[in-house]
Ligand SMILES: Nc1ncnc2c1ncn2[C@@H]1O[C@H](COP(=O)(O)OP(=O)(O)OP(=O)(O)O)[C@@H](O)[C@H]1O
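Let's start with one chain on its own, the form predicted alone, as structure tokens.
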Amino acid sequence: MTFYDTNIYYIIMILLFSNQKGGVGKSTLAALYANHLANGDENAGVMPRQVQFIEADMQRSLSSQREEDIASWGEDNIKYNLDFCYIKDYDTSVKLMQQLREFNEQNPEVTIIIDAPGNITQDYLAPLFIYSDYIVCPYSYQNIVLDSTSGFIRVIEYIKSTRSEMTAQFIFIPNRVVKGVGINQEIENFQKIEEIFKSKGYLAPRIYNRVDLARFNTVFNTPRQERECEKCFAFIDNIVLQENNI
């Protein structure tokens, strides 16, 4: 059964995890957040939610991981569907997102998470941004990543300026942050950049660089993974769930 069956899946929110710079943990965080929603957080008072995960990244790393997870834990323990979607041209992109937005107007039972393609420079990917509710953008405190993320913001702002129907908001996630790294001047620059990001959207609490976060699956988060992401995910929950009266 796929997400195209409207008798099964109804969508209330579309979160697009994206950044044009690779290596920032985009796919990993998308999977960790999907696990977080699907399993809920009893301590935080967050009930489990139905989740549909769309992997549009051609690397298909999460689809491969899902196959391993099914082999390890069995299909009965899988909490949400993870489907790969090959976006080959503009028409495919438009059709996918229009379908999702139509479902969004129906029963509010499923949250859609999309892992965007790594190469966002292709014009035909614009509908992904136009019809999403939130663009979740992980980044790290490296000059090359910050420069690339700034360029990514400019691309999204240009698309938004040309499409009045686009209402997507940014949620920036400082990810893979290494404690104690950076000279005073760099730290000051990073703080200035954070202020710029805050002016462009929401800035989530930092997620620090931990080996445990790289050892993820598509079924559940370990207690340590949940603790490491707790503040960040609670911040996103507050925006996505509470502000939208879910």
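These numbers were taken from a predicted model, which means no experiment stands behind them. The first residue of the sequence shown is number 1, and the count goes up from there.
We do not show the form predicted in complex with this ligand, though everything after this point is about it.
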item	value
Heavy atom of residue 132 within 4.5 Å of this ligand in the predicted bound form	no
Contact test in the predicted bound form: residue 66 vs this ligand, heavy atoms, 4.5 Å	no
Partner proximity in the predicted bound form: residue 39 to this ligand, non-hydrogen atom cutoff 4.5 Å	no
Any non-hydrogen atom of residue 204 within 4.5 angstroms of this ligand in the predicted bound form	no
Listed range touching this ligand, judged in the predicted bound form by heavy atoms within 4.5 Å, from 92 to 100, 169 to 177, 72 to 80, 143 to 151	169 to 177
In the predicted bound form, residues of 192 to 210 near this ligand [heavy atom within 4.5 Å]	207, 208, 209, 210
